[in-house]
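Form predicted alone, single chain, as structure tokens, below.
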């Protein structure tokens, strides 16, 4: 038979390219990469043997060598689809913990296939050489094709059944592999002289190489450890497979200080050096860099090693760590999470990690999951739904807390405060729902709602008749970052025919400390049209003079904890008096928050505070109640 070998030669070129690329790229020797390497090597050897089978058809070649080449080709060629199935299993990291039935279905067919092939020189079941030394198919040769198709279908069924554990890209690649392989097998089965199976296999493996073997998607470029997304994906796979495992987190709390002190190159070298050290305790596929100077090591069935590894790492860090010419000492904190005992899903694991990242260094170095206080994720979900309901049904309520003017001796303004009263959850404090709203983006709608309610309140005119000069509205840092903030607020004020001077927007000191261009631009644009600005919670953040000088604040609001100390703490009193004097010289007004007693109010008045706000005067009140209260308060005080 005259064989057409051009496709085999092309296949060899494709395999050579794939092998070179696979070897050049630095590979983490995890199970997936090892499985791919086995499949690639088996397929390449099979292609070489296919060509040798053709070249040994000459009558001058001995029967033993001919038979050896054909048997070796069938062994390697039939191992390709089995190797493919193993690779699919490792793509989901779901090879361990399989039932005996599953393992029998996986290993039995290939075992039968190999036995039939290896015994063919004696049985002639799969292949044999006729009297003339020519290659001949045996009566059971179709069994090899059937078993190959079996593994391809096995891979398809397994992929579809585990669809939720793998990405669309993986599914498409696997289906493409199966489809192209089947086409090549069918063509060669009916055209034995046309050697296209190896070429089809080469195309399939190259497809998998470039679609599924991209190391940049799974590795951190600096540490060369698996990255955060890979860690989360592997956790999800292990949870889905009911595999028990433990995670040891290692955090370097003082890394930021080291980076500022020695620079970025030093910090990258430090991360790389530390990651290489951690790899001495686990396989390369079980080490992760989770960003923010936090590492993770995973352990399976060898939990007893964790405590010893912790002690060894801690002992190593007690001595100098040399990076180039610099000797430094690294401090670390550790957290152990046992899964599924401590966390039964990947979301909980990631919640533990995020909470642990926020911990400050203390004498205690090793923490357990039970030491970490997680925010109730169900509660968070419920609050998010409550926010959605309130926005949809417009059930948010705006309350108003009065602000007393010391010079005017009356209520001169009020602060608009949002309240959320949910039918299912009851009263949800702003300290709980505002951070959630900022994180999920709903703060934009909430902020617009509060601003519009304040404008509606002003438009009615009752507040102005009572001497209320302006309404204070809190402005979230997320709102400040919106490029269309000024346009939106101007449109709302125009609709309600509100003078901008009747609005005062409050920004917290911490937010003001981070003033990117868009935020600064919004503040200056709104100030230019007449809106007042107040710096809220002054004294709790950075107390940076820069934003006091550069941003157009008219009011500075002293945080209530500071004003609360002024009564009993002489140092606090001196600090407040000095702050008040400085701010007044800057032509700004002082608003003291948190006044609860008459004695506090008297002290704040003595310190020349321009305005005072607190429960001594009133709790935040609903609109009608506030107007009624303000009317009574101002009438009494003005008479006096």
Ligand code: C2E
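Residue numbers count along the first chain shown, from 1. Bear in mind that the values here come from a model prediction, so they are computed numbers and not experimental data.
Although not depicted, the form predicted in complex with this ligand is the subject of the following passage.
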property	result
This ligand contact at residue 560 in the predicted complex, heavy atom, 4.5 Å	yes
Distance check, residue 192 to this ligand in the predicted complex, heavy atom within 4.5 Å	no
Partner contact for residue 293 in the predicted complex: this ligand, 4.5 angstroms, heavy atom	no
Residue 430 within 4.5 Å of this ligand in the predicted complex, heavy atoms	yes
Partner-proximal stretch of 338-346, 411-419, 306-314, 138-146 relative to this ligand in the predicted complex, 4.5 angstroms, heavy atom	411-419
Non-hydrogen atom within 4.5 angstroms of this ligand in the predicted complex for each of 37, 152 and 176	no
This ligand: the contacting residue among 286, 506, 351, 452 in the predicted complex [heavy atom, 4.5 Å]	506
Listed residue that, although this ligand is not shown, lies within 4.5 Å of it in the predicted complex (heavy atoms), from 582, 574, 615, 61	615
